[in-house]
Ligand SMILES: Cc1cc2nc3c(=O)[nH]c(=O)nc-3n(C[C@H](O)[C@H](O)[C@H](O)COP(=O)(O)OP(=O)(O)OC[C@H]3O[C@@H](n4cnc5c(N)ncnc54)[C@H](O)[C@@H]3O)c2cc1C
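The chain below stands alone and is given in structure tokens; this is the form predicted alone.
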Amino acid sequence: MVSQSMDKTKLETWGNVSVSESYLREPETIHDLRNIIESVGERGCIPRGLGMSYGDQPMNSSGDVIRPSFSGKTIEHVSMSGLVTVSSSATFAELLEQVVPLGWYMPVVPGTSSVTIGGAIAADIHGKNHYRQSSIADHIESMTLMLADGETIRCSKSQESSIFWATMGGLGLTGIIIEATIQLIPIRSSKVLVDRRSFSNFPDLFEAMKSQTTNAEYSVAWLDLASKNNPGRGILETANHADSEPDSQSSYETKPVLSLPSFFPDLLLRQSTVNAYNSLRFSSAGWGQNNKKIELSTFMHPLDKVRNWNRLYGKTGIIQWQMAVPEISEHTLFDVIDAINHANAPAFLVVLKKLGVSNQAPLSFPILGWTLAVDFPAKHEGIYEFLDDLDQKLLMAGGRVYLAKDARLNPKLIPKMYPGVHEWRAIRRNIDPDRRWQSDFSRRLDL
């Protein structure tokens, strides 16, 4: 096979926890892509975007990793109704820089604009407005997918619907997305009106966040879980799209203004450092700012202003544990916050968001309730055992872990957290009986 004569390429992911040596294939045409898929060995192949995953989702040790280079990233046309067809390898930054000046916006965006459209679909991403706009699956009109046998199909909610839904959140294990047609939403300007409020305790913040979902298009909270006196204190931000201004032109700037050239020392993520950073952030936020007008890109992607900001975590990398818990079990959020606070595990970045109803995708993450995402140092002593315990708390509450962020979940928990996995596996067996689509992630979790 062709890959056998190639040199392996060392690949990493955003979390800097998973490293693999794989045969990186970058097909320049659809024909090249089909030949690669048909010639893969027993380790199979997996699509890869820009490697923004925290875990091993786009990794395939000693197998093939496919990163297409044939797809154009220029938007040819946006229909009068806001439909746009875009290459799967285009990033949100590339898409938004072109459509925002035309008065359109993506209804759902991830926390960084460096994610590709294909990667977003594979993770069925959600944003700061899931309770309003659901996940990206809700806005995909159709997509072109190349299957394991090299056949190219068009699928949607009404055409090849089982494959469509299995691909949403399927993390590249049903096929490689070539392009997608997306329904955009109209906007009046490239700015949002942001309200920011600080809370000295979590119960008050939580109640305020619940009350804001009826009138805020976007809502997100940053929490301080390192504070011994006020664990869960934080900053709540809500936002709505702003009206247009006379003689103003909409734009979307995502270029970083600062770059980290190398990894920071690992000692920066000690508990004392996290405490100091959180205290500074909380005190500098003030107690309230109303209707402050800022750029959409600044509100949606604040960390994009720093290139390679993951290097702040040092060479040992990070684990992001992101969970969802149903509304009926929202008390679990308080239990988890208390557990993290007492465990002395440095929780560097903690984000809380409201989730709306789930969709039909068997492996889609969001459920009606709440999601909490927490960054931990990957090499912190006992962190894996601690997260195993949190998984059990979550399971008892009817919750789940976000597979697109996972790097260490016990595979036995998958059917309990994702009951639709049996349906998903049946669809996968039907369209990929020889398991050409494989990854380190799929083997680790026995998918």
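Worth saying up front: this structure is predicted, and the values here are computed from it rather than measured. Numbering starts at 1 and follows the sequence shown.
Just so it is clear, the following notes concern the form predicted together with the named molecule, a form of the same protein that is not shown.
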Under a 4.5 angstroms heavy atom criterion, identify the one residue in 140, 216, 171, 95 near the named molecule in the predicted bound form. 171
Just one of 223, 86, 166, 177 has a heavy atom within 4.5 Å of the named molecule in the predicted bound form. Which one? 177
Against the named molecule in the predicted bound form, would residue 118 count as a contact residue? Criterion: heavy atoms within 4.5 Å. yes
Can you tell me whether residue 399 touches the named molecule? I mean in the predicted bound form, with a 4.5 angstroms heavy atom cut-off. no
Check whether residue 110 has any heavy atom within 4.5 Å of a heavy atom of the named molecule in the predicted bound form, and answer yes or no. yes
Decide whether residue 52 counts as a contact residue for the named molecule in the predicted bound form under a heavy atom distance cut-off of 4.5 Å. yes
The stretch from 55-63, 389-397, 407-415, 23-31 that lies within 4.5 Å of the named molecule in the predicted bound form, judged by heavy atoms, is 55-63
